[in-house]
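Structure 1 and structure 2, given next as structure tokens, are two forms of the same protein chain, each shown alone.
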Structure 1
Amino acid sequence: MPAKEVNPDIQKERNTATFNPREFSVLWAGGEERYKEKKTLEKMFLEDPALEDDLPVSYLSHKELYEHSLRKACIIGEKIRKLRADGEDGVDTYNALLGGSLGAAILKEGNPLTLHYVMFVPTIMGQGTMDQQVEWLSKAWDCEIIGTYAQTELGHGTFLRGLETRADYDPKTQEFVINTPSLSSYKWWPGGLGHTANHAVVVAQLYTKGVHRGLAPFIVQLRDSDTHKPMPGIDIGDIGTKLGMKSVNNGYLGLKNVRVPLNNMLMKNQQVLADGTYVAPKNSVLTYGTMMFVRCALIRDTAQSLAKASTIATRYSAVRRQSPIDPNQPEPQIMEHTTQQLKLFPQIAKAIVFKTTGDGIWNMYNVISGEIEQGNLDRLPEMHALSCCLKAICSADAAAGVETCRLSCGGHGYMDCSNFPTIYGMTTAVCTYEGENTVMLLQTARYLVKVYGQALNGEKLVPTVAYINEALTQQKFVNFDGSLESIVKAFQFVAANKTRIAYEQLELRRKQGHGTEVAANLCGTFLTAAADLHGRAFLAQTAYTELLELSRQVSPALADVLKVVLELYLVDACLNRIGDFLRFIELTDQDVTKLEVRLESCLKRLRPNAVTLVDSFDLHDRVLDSALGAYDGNVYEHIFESTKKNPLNKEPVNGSFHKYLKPFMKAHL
């Protein structure tokens, strides 16, 4: 924190908070030990002057940004080496360093080495045989080779079976010949692929003995290890500037008759023998595991985005004064405006609920993947369905929430020095990668209509959809008394009815003679709506259970705050889907007004603790990197300081005046 005095408006907020922020900070970090580890890592990385920027990266050209980022990425890599040598490189460390918290404080537009650590190394670990791991892993861990993971193609994304890149086995030389036979089959998007990695796992359609065998992963050397020049047959480069993640060095890759040895195919799950005999994988569901793993992690990332954005906007709203409420008084802190509270506080609540849900589903994932390893696949479909819709909902809500926070800061939110544009770029990307959101919702819906049919047949469903059994026994929902429990129950009743409608529409189209798939496409909007409500019902249930449980474990002062957060979250969530509630539950105009008045009351109750609550997310000023959101609240001073770094302001008169403007202005004289 800067030595400067703290802005009195924000200090006042801290003085009047009713709880101790450190208590929540420790909870948020995951316990006392993790809290301390976090502080140690911050010290190690944020006090190294080599990792500080004199010039905000938004002033750099694309090429300068890459060079700047690679330099820092190598310093981070060196420090990771050291942590690893000391045995201190746990999963949390990689998450912090390569993700949106500490990582973003150092490389806010992303790290070109991230995919090496989070995809290349884990793929070798997960899909390589023991021999292959011996051959490749230590080189990869030591960064003697830098890799990436090349799957998506220019013309092919979500539908993996559509990939065109092919690997033909040549038994004569015991090599695979890899080709991207068309422009649309160029590998596209892998991080670090442009100019950084010299190896990649390339996913291709495998052909042996002239027969198509499905997809397989191959380790391909892309660049010479000394000169870094592209290897023969490799057409490679950076895909260009983007909305966000600007220094990830996303690349493209064309392969023309690139030959790799037999042993470069990762063979843990499937094998090709020297003569070209193909041995199919025993179990294809295992790949679901990785996808679920990633999606569960993404849910936590969305919480982090909301925490950042709501911290910046809430602090700004404590300092910014505008538009008198009482004309006889000076302009108030804008956080006094109820409309402003409605923008900010639901985002704070969502950050907390998404984090709690992310942690919960993480535990659930661990339990279920343990079961899967024991050969018990019972809960796999349920878990898959849940992780899909939660990924979609949390990413969409987080991206919208970040924008709501930005807009709540007026024009100043539009400046890069607010950091909102970068946070948005990071957050909205999650809507697309690791399974496009609409596709995700359709996956969940496919599961929901299936189990709905089972429930109609009297089957008892697994826990996360058991509410469908319950709803089928109710003609209507009669117990809506406005209690939090009844809001949760109502969410489930509504979700069950959305699935009912999707199911009925699907049946109707089938009866009209459409095949199942065509019928599903026709009903697409019914299906996605059902999946959306399923996820929201789960979020409501989790928020209710987990936050109440948490309240029992903490001090009464913090418990009171958490209960307001819970109520705010549930009432706001309900009002945001009030059309669905009114459709399936008998509520009057007055009932709705009551909920709206209650929302207003939640906002008012959270107001005194809003700044302290975001403080207790404990986001370092460097992580926030925002003139609007610094801990000291000296917003205007920080904004003004940022203009001093602007290269345009280093000279009083820009050269273009003499070159272009003056001749133009004097032209007619």
Structure 2
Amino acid sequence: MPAKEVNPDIQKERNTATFNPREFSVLWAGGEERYKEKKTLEKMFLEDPALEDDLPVSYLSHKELYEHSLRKACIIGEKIRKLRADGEDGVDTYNALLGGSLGAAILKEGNPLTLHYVMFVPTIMGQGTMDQQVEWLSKAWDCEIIGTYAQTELGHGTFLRGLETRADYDPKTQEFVINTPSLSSYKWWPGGLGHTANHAVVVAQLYTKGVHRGLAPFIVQLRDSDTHKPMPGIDIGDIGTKLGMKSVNNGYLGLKNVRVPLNNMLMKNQQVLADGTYVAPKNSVLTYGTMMFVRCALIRDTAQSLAKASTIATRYSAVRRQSPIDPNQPEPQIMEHTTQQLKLFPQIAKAIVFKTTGDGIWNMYNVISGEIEQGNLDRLPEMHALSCCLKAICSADAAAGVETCRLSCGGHGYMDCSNFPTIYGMTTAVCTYEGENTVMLLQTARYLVKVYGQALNGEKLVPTVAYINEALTQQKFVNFDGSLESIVKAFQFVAANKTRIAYEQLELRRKQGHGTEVAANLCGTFLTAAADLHGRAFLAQTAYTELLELSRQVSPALADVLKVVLELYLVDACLNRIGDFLRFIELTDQDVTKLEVRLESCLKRLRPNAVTLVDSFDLHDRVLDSALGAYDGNVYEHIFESTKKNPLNKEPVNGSFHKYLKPFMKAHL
């Protein structure tokens, strides 16, 4: 039975907050207009009975979950059609419905149509010619065809050059003949591929006139438009159950002599002429535009994951009472324990910093995309490097943060009804898809050592790595006074020195006679460490710049809270990398102790506003889907209510008792 009154402990937290939560909610949403649009979407989708779950999806079989999810996905798709017809289908709408917020409320384990919208359509837009966009986009937007993006293979993932799927051009018929020549070349993992999509962008090694040309994307029909049966030469299905994202319908795809017309190769960046003549792209990096687009979007998704996890854990910590601090006093809220605050509050701060950074990176991507359209590729390497390392850092930190929040809730955090298992499953997947994190760091490192060499030659670097120029003029870091600005500068100095060491190690291996790739492998740990610190220095700089700027735009009360969040984030980030700081900066024992004391001070100052701050993320109870994190704070009532939905409890005696247990118990008589 649902509780109707708000738990008094959590209500007290809200009553004593020092700022207006709606002000931050509007800020978090991106402004008053977007806040209102968010509320309109929630009303449109969350008040539709057809999109509610009668039974928690964790009790469904894999087949039942897919069918249940596809039904709801089609309802969502129909609503999107209506929004498009009314001109109300902006980027924020798709982010909400297909990302980690509103979409998760409706389809807890993922949407089998997501890749159609976030990969299939953008790939056609980004890599198709104008004529190809005219031919395919209207069908895709209207869902007359359902697509996915088939790149990863059973034997190869992030290493794109290793992909085995092959497309040979036949000039006699003006067709490409596509094959997966081995089991390891089968496409593996694309969402919606199993039983949902009838088309795919298939990435294959292109051969024309017997010459290997590199990777190219092809639109391939997978299933018949009417019967949905696999087309000739297509071997296709669902790959099975997974840790998370259980209803995304990830699939496998084998192709045997599948022929597609010449025009089915997306040719905005590279072309094949009718006679087989190959026209190479101006820049090979252009073909990676879709993945860069998705990586930028993923940074904001990680912020949503942390916002959800920290909201659940913070509300629970305001209600749960345990372990007296003073033996003569009643059990306190567990949030009174400093150790509990240290688990929770840095995750709140990271959510805010990752969201702020994600918004900035998204805007930067849009600006650079415009420059690319005009033929200006100058900032493309910078954008690629930044999106790679931030995707890796934010996803790894978010996955660890979700797990920390789960652990902070004790045994109850282990229950499905807490929603931590699902949030973790969805979040940790980001560490792997769209570029495995270690490989992402190595790609960033390749850029860093290159620009470090340029800096040594006296070249002025672009803004995101300009700190390397500055560090080259400094023998040592001076005047670390513990201020926020000095922490940011220290991060940059440390990052520059980690890049210096990676560069020197790479040069050392080359002088020893190793080729570039072998040398890079031998000093891989130096390279990934440099990329990690580069990303963290960028996060520190962005947090410092953006949160201080925001604090000047809001009320003094909210500004005070944002400044505490900023200080907490920077001090915590510094202490988490204190070994690197001690290596390159002359910090004393007293300096480190001061940082540790400041961390405790930040926790204490954020404590009165913790519940209201997570309230300000404005996450609907359906989005959280957690017995531990409901807005009313009635944790125990919601946990017990969840047991009543358990099919095992629908009968007092399960049939297995008479079938198995009773005969076993009576067997010795």
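By rigid core we mean the largest C-alpha set that fits within 1.5 Å across both forms. Numbering for residues begins at 1 and runs along the sequence of structure 1. Model, not experiment: these values are computed from the prediction.
One of the two isolated chains is the form predicted alone, namely structure 2. Relative to the superposed core, R583 shifts its CA atom by less than 2 Å between structure 1 and structure 2. After superposition on the rigid core, the Cα of V554 moves by less than 2 Å between structure 1 and structure 2. Relative to the superposed core, A216 undergoes a C-alpha shift of no less than 2 Å between structure 1 and structure 2. Overlaying the rigid core between structure 1 and structure 2 leaves the Cα of F176 displaced by 3.3 angstrom.
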